[in-house]
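Next comes just one chain, in structure tokens: the form predicted on its own.
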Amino acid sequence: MPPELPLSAGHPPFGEAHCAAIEDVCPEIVSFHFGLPDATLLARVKSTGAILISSATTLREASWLAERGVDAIIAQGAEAGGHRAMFLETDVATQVGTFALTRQIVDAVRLPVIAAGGIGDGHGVTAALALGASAAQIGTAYLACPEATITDVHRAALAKTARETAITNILTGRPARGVMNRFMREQGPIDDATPNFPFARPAIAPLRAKAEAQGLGDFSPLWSGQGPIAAHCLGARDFTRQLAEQAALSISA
């Protein structure tokens, strides 16, 4: 059965309730994706004393964030899994690789830069630091850890030796990189007719549920970057230590 209309958005934008929660908890770090909230809400977040971080996919976006007072910038390269942080750009063709983007932002913006995208081992961390990044952000590689709460279908897709990924908008309405599946192949990864984010997700929810019940990820968002995923069963703590040890050895080599 198709979903009932109107579809529920499911993902409301950052608003009063989110801001109030931050003011109540006072986390040390608050990180935004898809740009920043409006100036009033942003000022309230900053007044808590939190370190403010946000993602950029181009130098233009990084400069925009710097002008609005963020404390650090995540340079999200084209290799990164999951949703593009794009908020000024509209064309995924403007995306550049992680290391090229990291160097551009480091050279132009006087803020700590965190490299993200395609980094899955200590060698990648070392490369990011060599280009001037203050840190590296790793996502997909941690999905192999037992603490990751991804579905069995998602875990199986990531375990494939030759996984093929692409940036697609048809699963959620916003460009995101994931493992190629039936829907992406047959519909085409990018389709201008796709409902805007986040309405595409509930639109295909019935197909996704039916397929996943059969152990198939044909209509599922199998988010994945292009970086290496080690075949390990390490917990997140031990994997982090392994990354640090690899990076240290690579730097000293």
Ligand SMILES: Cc1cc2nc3c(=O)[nH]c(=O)nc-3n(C[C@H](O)[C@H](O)[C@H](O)COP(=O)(O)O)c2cc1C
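Predicted model only: the values in this text are computed from it and were never measured. Residue numbers here begin at 1 and follow the sequence given.
FYI, the form predicted together with this ligand isn't displayed, but the following is about it.
Chemist: Between the options A156, V96, M180, L143, which residue brings a heavy atom to within 4.5 Å of this ligand in the model of the complex?
Modeler: For this set of options, the contacting one is L143.
Chemist: Which one, G139, G122, G173, G132, lies within 4.5 Å of this ligand in the model of the complex by heavy atoms?
Modeler: Filtering the options by heavy-atom distance leaves G139.
Chemist: Exactly one stretch in 58-66, 189-197, 221-229, 40-48 has heavy atoms within 4.5 Å of this ligand in the model of the complex; which is it?
Modeler: That would be stretch 221-229.
Chemist: At the 4.5 Å heavy atom threshold, is G82 in contact with this ligand in the model of the complex?
Modeler: Yes, contact at 4.5 Å.
Chemist: So, in the model of the complex, is T102 in contact with this ligand at a 4.5 angstroms heavy atom limit?
Modeler: Heavy-atom contact with this ligand at 4.5 Å: absent for T102.
Chemist: If you check in the model of the complex, is A116 within 4.5 Å of this ligand, heavy atoms only?
Modeler: Flag for A116 set to yes.
Chemist: Since the partner is left out here, which residues of 21-58 would have a heavy atom within 4.5 Å of this ligand in the model of the complex?
Modeler: Heavy-atom contacts to this ligand in the model of the complex: only H33.
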